[in-house]
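One chain follows as structure tokens, the form predicted on its own.
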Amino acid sequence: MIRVMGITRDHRVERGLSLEDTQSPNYVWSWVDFNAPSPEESEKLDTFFHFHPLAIEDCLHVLQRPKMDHYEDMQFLVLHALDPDTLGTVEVNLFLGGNCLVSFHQRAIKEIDEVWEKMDSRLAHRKKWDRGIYAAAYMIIDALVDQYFPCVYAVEDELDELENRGSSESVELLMNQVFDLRGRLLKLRRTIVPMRDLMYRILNSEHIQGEREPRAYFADIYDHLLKLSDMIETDREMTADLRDSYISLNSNRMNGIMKTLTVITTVFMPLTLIVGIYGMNFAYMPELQWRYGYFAVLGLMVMLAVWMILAFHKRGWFK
């Protein structure tokens, strides 16, 4: 679907226009949104707008890294939106040039739909500089970045809950949850860090039109991305600490089990020796003819076991 919006000189928004209307002098600037377009509609990037072939190729081949390219009088941006369910990325491409903003995305994106619907009220409260294509680009990027926060907060909430649980669950289950959180944080990091680098490039680019004020708005988005990056790094450090703690806890438990088995084995070693000696089939063993020999050997074995247990306890083996 291709939808077209035109902004008149008195800052009114008119929707439902055709592509040809974007060239009308009645509109100061226009926004064309390619929302999950068909192959025939995607060809309009070349046949109607005549964008650079490399930029069109980047649109049609997804999984591009967030970036900014300059082609003569046009800026091309690759952005990433987040799917809150899978934390997968959805690519959003922006063409900024002249008096037209073109957005291209292979899937419907809620944030862009919200900006599209709220453009009337937003333009009515903006200053003069903030009513052009760079203002719309800022609104789109800001909406995409705002969606990152709930995803990061959800991971932080699970991390806090996992940290408070302590050792109430099995170490194996806790370790699986820690590695799951680390995997999700890695997905977020792969999205947020490149977007942060892109915003840094935009702030330091000479191709951004306008005075200081629009840069201040883009700087605000950059600050948000810096905050998100710091949150992700902090959470990754926390998961690393939890992982090390669970590994140490598991090692301590294993050491306790091995110590218990060692004590039991050590106690039974001399008892096994005595039983082995008297289990030999020799004909001449004087103790076998003694009336109380059996009870004496059993008593010796009990006393030996008790003495060894007390000796181990005195040495602190059971602490």
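What we label the rigid core is the largest C-alpha set whose atoms superpose within 1.5 Å from one form to the other. Numbering starts at 1 and runs along the sequence shown. Bear in mind the structure is a predicted one, so any value in this text is a computation, not a measurement.
One more form of this protein exists, namely the form predicted together with another copy of the chain; it is left out here, but the text below deals with it.
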**Q.** K227, K118, R107, K110 - the one with a heavy atom within 4.5 Å of another copy of the chain in the predicted complex
**A.** K227
(Q) Going by heavy atom distances of 4.5 angstroms or less, which of T234, S205, Q147, N99 would be at the interface with another copy of the chain in the predicted complex? (A) T234
Q) Can you check whether E43 is within 4.5 Å of another copy of the chain in the predicted complex, heavy atom basis? A) no
(Q) Is it the case that P39, even though its partner is missing from this view, gets within 4.5 Å of another copy of the chain in the predicted complex, heavy atoms only? (A) no
Q) With the partner left out of view, is N26 within 4.5 angstroms of another copy of the chain in the predicted complex by any non-hydrogen atom? A) no
Q: Consider T47 of the chain shown here, and say whether it contacts another copy of the chain in the predicted complex, taking contact as heavy atoms within 4.5 Å.
A: no
(Q) Could you pull out the residues of 231-246 that have any heavy atom within 4.5 Å of another copy of the chain in the predicted complex? (A) T234, D235, R236, E237, M238, D241, R243, D244, S245
Q: For V263, state whether the C-alpha moves by 2 Å or more between the shown form and the other one after rigid core superposition.
A: yes
Q. Does the C-alpha of R291 move 2 Å or more between the shown form and the other one once the rigid core is lined up?
A. yes
